[in-house]
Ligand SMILES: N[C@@H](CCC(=O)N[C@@H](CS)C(=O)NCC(=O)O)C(=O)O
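Single chain ahead, by itself, as structure tokens, in the form predicted alone.
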């Protein structure tokens, strides 16, 4: 049986769980508590040296990177049904899977400059925060996390995040034009890959980033949330108290973020 190491609210874990649900695959789940640092356990880091989730085991094969895992599952267990048959559309979908790296970085930035910043700063001492950051294998990510905690939405990383999100929303809006799905006429891998990120933005109360300029993104998210795979892969794993915490934090930060968004568009 497939074995998935994942985090409850990790956006990349959500992506793989949605793919598993869409294909109808059973799996053994190993839940890691990322706030407690389970991802730094030496046994886990032998599987995933970057100390991130998810990691999928298929027999002796170890797979990391959520978009790659989703495509592997579709190709191996689903006869590639979630990938368009047209070569040009395939290339467009794979481009979206690659772009998820920058989209992920942007969502990480918005999360850790707002909701998670508040949560961590309230729960840990500066020494505890630094010790946790120092365990991250990637020195660049260490520097980013320190800056986000120090400067919040004033961080330079926020500018880069908004740049990638504006481009992403514009392209999603164009790809959906006249239809429902980013992947093309039919639902597919690009939709699976993007839904955790757009869902996180909405849960933070930042849907104003697309509401007026790119309304197709909101309609697409509504359609995604109606699929059973959304409940199975995302909603089921999010605690009720976190829903309220995210909305409350987002309401505090939204006026500043809205101003930054407007400045960038100009």
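It should be emphasised that the depicted structure is a prediction, and the values quoted were computed from it without experimental measurement. Positions refer to the first chain, counted from 1.
Here the subject shifts to the form predicted in complex with the named molecule, a form of this protein not shown in this document.
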property	result
Options 231 to 239, 206 to 214, 60 to 68, 22 to 30; stretch whose heavy atom lies within 4.5 Å of the named molecule in the predicted bound form	60 to 68
4.5 Å heavy atom contact, residue 12 to the named molecule in the predicted bound form	yes
Interface membership of residue 53, the named molecule in the predicted bound form, 4.5 Å heavy atom rule	yes
Distance check, residue 34 to the named molecule in the predicted bound form, heavy atom within 4.5 Å	yes
In the predicted bound form, residue 101 touching the named molecule (heavy atom, 4.5 Å)	yes
Within 142 to 163, the residues that have a heavy atom no more than 4.5 Å from the named molecule in the predicted bound form	145
